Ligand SMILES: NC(=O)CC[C@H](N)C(=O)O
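Below you will find one chain, with nothing else, as structure tokens; this is the form predicted on its own, and questions on how it binds or moves follow later.
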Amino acid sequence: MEEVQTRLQKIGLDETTIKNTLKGKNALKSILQTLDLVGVKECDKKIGNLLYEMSQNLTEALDNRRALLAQYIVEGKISNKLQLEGGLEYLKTHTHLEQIPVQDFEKAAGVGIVVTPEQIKDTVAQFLKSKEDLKTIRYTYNFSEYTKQVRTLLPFAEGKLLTQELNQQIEAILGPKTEEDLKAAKTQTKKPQQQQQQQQQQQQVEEDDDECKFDISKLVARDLATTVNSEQLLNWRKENFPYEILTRFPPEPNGYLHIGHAKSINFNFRLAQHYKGVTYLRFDDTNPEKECQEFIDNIKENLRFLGYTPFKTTHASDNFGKLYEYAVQLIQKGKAYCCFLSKEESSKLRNDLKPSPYRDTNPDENLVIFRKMKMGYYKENEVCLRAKIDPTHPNPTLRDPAIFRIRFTPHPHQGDKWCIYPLYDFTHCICDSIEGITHSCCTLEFEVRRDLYYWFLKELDLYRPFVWEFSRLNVSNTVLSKRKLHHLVFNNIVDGWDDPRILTLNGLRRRGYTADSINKFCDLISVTRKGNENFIGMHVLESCIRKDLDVKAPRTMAILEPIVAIIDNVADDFSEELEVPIIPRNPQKGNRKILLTKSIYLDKNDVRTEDHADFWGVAPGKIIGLKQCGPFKVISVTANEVHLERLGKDIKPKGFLHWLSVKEATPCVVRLYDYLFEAYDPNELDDYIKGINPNSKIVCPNALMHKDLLNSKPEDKLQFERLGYFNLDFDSKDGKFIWNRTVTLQEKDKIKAIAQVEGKQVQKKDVPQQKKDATKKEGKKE
């Protein structure tokens, strides 16, 4: 050990690094292997530290590049950490190449690039010229952001020189700090903690967005030697597919898509678009017992709704013939066998790490059995075809998994052509390869199957896409599990797969969520690998639709529970035409006209026969405001009628209520939707059904709307002032109008909806506080 220690000292490592390296078997092995490879016994401290840094950052997939990197360091072509990082990053994203293009590699590693102090000075000067607001904001500018931006212009410049030059030039432009500068800086440091956290969160969102969504070099997870493509395979893909980037969205057509699928759709399509590539829609239709044409058609419609057009629409089942032939190849190689064990017997042996008694059946006999399976000779579950991998493997997916089974069930796309069907794990990777997919992206629960994915492709010598797993989407106050959604639907706990309270895309659309708001939500949370346990608060999704509809949805008024109000101090035939903006934030949409008449409707939720100190609505003696028409005094209130007196406009009421003229009101039904579950995470409950929110759907059958809405069509969206944003339901027909509330205007309005039914007054303490979620973007969260 002393000899090893001396050797590490001779390459210039400090004592702490040597001590830590001697403790770690892998770290020591890697640096010694590097030194032996290039024959270094003693060297300059700078070279030694770079060799050490390189050896600690090599993964299994990059081990064959060790000599290349080490030689560049020893020869002085890579002379600093920034160049080493550039070279490593290039190699990580080009593991599929047998021969590394020297010119491309050296460009990425900055070989031969020497950044002089003069270049740094000139670049910083040009950069600061572009900052026209610097003299205005002065020393409140963000130095770290400035440094980051200059670094992108000079990626291989020495950091210390760069920051010194930036500081000097800024001071030369602004001069010494004045008292006002010091005061402004002091004020800036006293920002509320919550505001700072929000800014940090938003910055993290933007950084994650850049890192995960549009930098394809970051889509690297666990490295495997089996991922490397031969030059022959790379040439095959290049000859058959003109697109450098090809992704796919591969749903199984056995259910309805939900918000988690929208995240995957958004990521795969936009990733490809960013790199001028394309995306397949591929139905991984390997289980005819659970699949049907209805699901296939609905998935296509969901993609159209979200605004995505696939490059091609394909079916895994179109490749059943090829998959059969690939299975035959595995049998011929002795890598697959037919197993007659029952499912229970097989599971027990696999759990006990014991082999199947049929594992050593010879290939010829297995071929005969497999062909008989194809001809329908055996019963369902009597025999299956298994991959012959390793029954004792620590990864359960590699313990001789089944790859073909018998099912006498017609297929929704292939009809009755087949009675044996390939399983998902066998099908998915081969279809990715056949279609020339470059990046196969899926959620983290599939990470354990990555070894199996590449095992099939290696044994069959097929092209190997990159595989990258990202965190699954979890949203608060709901469930996204297919099993739990199925239970809710088939036990009539919700009103079908398009119930507006569940986050299926059909449900979201029916509730009134737009494609823009869903895509914005997906962009906001982005994708990371931070785990499947993080949650996104439902308020993040609600915020996206509020922002979208704020500039799109026409304003009008509606009454949920009407009570007549009479204005006593106007004539019986009084009628005043008022002009109001259709969308206040979008003046180009123009104005509309409404009537104020002697008799109007108010909402019973805003009316009390007795006043209360915290009550802001209609009660005897109070001064109230009515939207668009000024202040009124409440003369009297009974259970069925309110009397008002119109006041001069110089009086300022505390708030303004919505109303409708009796002459312009027409009947409708309003459904007030809220979170389906009261619990932030229903999955934490012993029985998640007990967490159902009893007020998740409130129907107002006696509601009134303005007569201008009589020409509305399903999916028309608007804002009922003070009540929220609403969407006209598909059930609206034969003169009946049903409005679904998409989202309230504010969080506290949910409590008002409950109070409206229960006859209670909302207090500040009743407004729920938002539970913290992981909205750092993945949670930020998935």
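When you see a residue number, it is the position in the sequence shown, counting from 1. Predicted, not measured: the structure shown is a model, and the values here were computed from it.
Same protein, other form: the form predicted together with the named molecule, not shown, and the subject of what follows.
Put simply, of P250, P465, G86, P682 only one has a heavy atom within 4.5 Å of the named molecule in the model of the complex, and it is P250. This chain appears without its partner; in the model of the complex, the one residue of V669, C442, A619, L134 with a heavy atom within 4.5 Å of the named molecule is C442.
With a 4.5 Å cutoff on heavy atoms, H428 counts as touching the named molecule in the model of the complex.
Though the partner is left out of this view, Y358 does not reach within 4.5 Å of the named molecule in the model of the complex, counting heavy atoms only.
By the criterion of a heavy atom within 4.5 Å, D284 is counted among the residues contacting the named molecule in the model of the complex. Remark: F241 does not count among the residues lining the named molecule in the model of the complex, judged by a heavy atom distance of 4.5 Å or less. Of the stretches 106-114, 233-241, 377-385, 251-259, only 251-259 has residues with a heavy atom within 4.5 Å of the named molecule in the model of the complex. Applying a 4.5 Å heavy atom cutoff to the named molecule in the model of the complex picks out Y424 as the lone residue from 399-424.
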